[in-house]
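Following this are structure 1 and structure 2, which are two forms of one protein chain, each written alone as structure tokens.
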Structure 1
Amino acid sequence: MFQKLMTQSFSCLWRGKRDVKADRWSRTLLGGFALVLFLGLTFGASDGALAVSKAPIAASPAASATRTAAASSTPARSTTSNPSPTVLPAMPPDIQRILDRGKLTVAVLGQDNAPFFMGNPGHLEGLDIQLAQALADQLGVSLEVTRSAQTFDQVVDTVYGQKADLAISKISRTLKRAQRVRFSRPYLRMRQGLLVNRLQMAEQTQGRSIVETIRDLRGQVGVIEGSSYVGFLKQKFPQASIVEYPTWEDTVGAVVRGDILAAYRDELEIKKVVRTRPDAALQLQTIALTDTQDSLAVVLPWSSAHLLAFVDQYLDTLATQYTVDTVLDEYADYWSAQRLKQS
């Protein structure tokens, strides 16, 4: 500021002198002015810097005062220009649809899969059901579970066809599914696992450590017919021979009897076997493969961008992150009750 004043005054002076038309003088003056201008700039700049650094302190009360004035003036103006104050700005359409309907429709697989979803229609329980209920509660609507789908891919199709707002049904995040639907953050991070028959394994080790033996797995490994684990098995254990079984129970039975060396599925199903059948635990060894993953996530239609953000934020705010072991511990009572019922 000071600098600007100086230049202005000097230029006035300069013009005045030219009016006198003293050329010789003007040349000397020009040199002198240049010097003064230089000095003025140098000092002025430092002064200006000081002024700038001081400015925010001085300016802030004024600025805040302006802001408050503006704030107080805006509603006044809006009341005058907008006669109906009750109309709120529009909600995101995907949320609005749920709020209008008054319920959150969640697709879940038709067959029970403890500890994720199990029980009769009137009284469903499980980790996935808990999560669905919590989301519905947070939205302030009721929960409706549709269980028409018979396979996991059908559950994904239900969401893709927008017959449900979202699906929470032990669905693994795969790239193939991600082409059609959106996945939330994982709510349970799992790894792939092997269920190994200890006796068969002892035959195979031949002085090597168990880790070495597994990395170079030879022998028969069971998987569920047509599941994604058929592909994983070919990729991770090229030396092993694949035996496909129609159900997981058949696969586990074959391992317990020692017909095959191991069964391959996600870590939770593997650990569930030794928990639900402790009498076979001496025969069986569970192995979690730390550099593999099989994460479970909420499935949403590709258009539900805002609902996805809502679900992600809810998962972020969860106080405890679930792990395979905490889930198994939480539902330990359920299985012991099931065992009692069976016997």
Structure 2
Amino acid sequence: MFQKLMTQSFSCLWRGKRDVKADRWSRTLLGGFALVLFLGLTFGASDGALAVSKAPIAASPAASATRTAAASSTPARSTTSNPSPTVLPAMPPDIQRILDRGKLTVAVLGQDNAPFFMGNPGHLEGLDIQLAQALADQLGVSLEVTRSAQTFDQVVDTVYGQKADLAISKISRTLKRAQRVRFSRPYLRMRQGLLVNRLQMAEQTQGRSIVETIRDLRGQVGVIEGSSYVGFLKQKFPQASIVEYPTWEDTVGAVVRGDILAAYRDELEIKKVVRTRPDAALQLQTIALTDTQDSLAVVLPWSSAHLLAFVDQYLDTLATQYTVDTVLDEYADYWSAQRLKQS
């Protein structure tokens, strides 16, 4: 209808009709057309803008690919909080095992060796026992002493086989043992010594001095079976004959009887014989070797690195550093009591 009216209007104008009515009618149609056109453009633009704002924009393939790559390269934000840090163990493994067990297992020689370890299972005492108890106290655990070993080498084997946390049993530090176990720093340093039968030594000297005779020591020399002094004797007196005895008491007895020339051990044990057996002083002579040293230390498994550091730290904090004489003096009452029992 609208198109028809427009056609008629233009036709009337083209033909040149001049009547007033026709001219008025044309102007009216033209005004209405202009109004409709204005309103159509106005509302059409508004509706188009609204449609654009509401409808999604169709992106070109290149733009879509760019946004996809950017999204994949941007790390996604975690919807959870930051991950908690790795929980570390409370203690190093060699310490934690002891704490979990609630006790420190210490290997000690099965035979008493005063003043280091002596007494019955229910009441052990001595320097080494004191040290073992102090370490257990510092760790906050109880002390368990195992005494299945019958030789010093067997004590070391007990630790090497991890049947004990450590050993404190008057064990000397040697290179041979250090191939299998770890040693703490020494808690007692001693010289080596000889307990000599006076009569046999007189036969050895034959006009020479004692020093010359000792340098070229010959004859039978007794040591404890399985002790570090078997190796010490081979190094120090290669021309002497080694005789091994099960215990130190057996070795001393052989010297007193004259079965062997001398007994070889540390100076503490040599001096202890004179203190505890004054009746044998006429038969025996003690000789300290000033160019030697025997260091006693705690024995630990080769894998117990942190336990070793702990033991060394404790030894460094000791107010008193032990010497042979201080140990002998500290346990003088013990030997006096032992002599009363024997008399």
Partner chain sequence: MVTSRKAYLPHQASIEWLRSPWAILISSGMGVFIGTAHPQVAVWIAPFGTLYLGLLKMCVLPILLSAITNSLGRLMQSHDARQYVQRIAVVFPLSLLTVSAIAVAIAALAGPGRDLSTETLQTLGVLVNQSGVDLEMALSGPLPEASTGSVTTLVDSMVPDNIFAALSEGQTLKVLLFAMIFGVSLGLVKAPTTAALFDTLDSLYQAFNKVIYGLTYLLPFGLCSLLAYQLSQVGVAVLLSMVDFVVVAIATFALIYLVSTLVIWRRSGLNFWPTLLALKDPTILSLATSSSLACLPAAITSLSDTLKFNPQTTNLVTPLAITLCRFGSVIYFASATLFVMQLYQRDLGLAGLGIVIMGSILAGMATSGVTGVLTLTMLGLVLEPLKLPLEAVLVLFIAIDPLMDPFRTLGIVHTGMAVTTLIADQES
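FYI, numbering is relative to structure 1, first residue = 1. Basically, rigid core = biggest C-alpha set you can superpose within 1.5 Å across the two forms. Just so we're clear, the structure is a prediction, and the values are computed from it rather than from any experiment.
As for origin, structure 2 is the form predicted on its own and structure 1 is not. For the conformational change between structures 1 and 2, the C-alpha atoms of residue 319 and residue 150 are both best fitted by the same rigid part's superposition. Superposition of the larger rigid part on its C-alpha atoms leaves the smaller part rotated by 20 degrees between structures 1 and 2. Structural comparison between structures 1 and 2 after rigid-core fitting shows the C-alpha of residue 206 displaced 8.6 Å. Its Cα shifted by 6.5 Å between structures 1 and 2, residue 218 is reported here after superposition on the rigid core.
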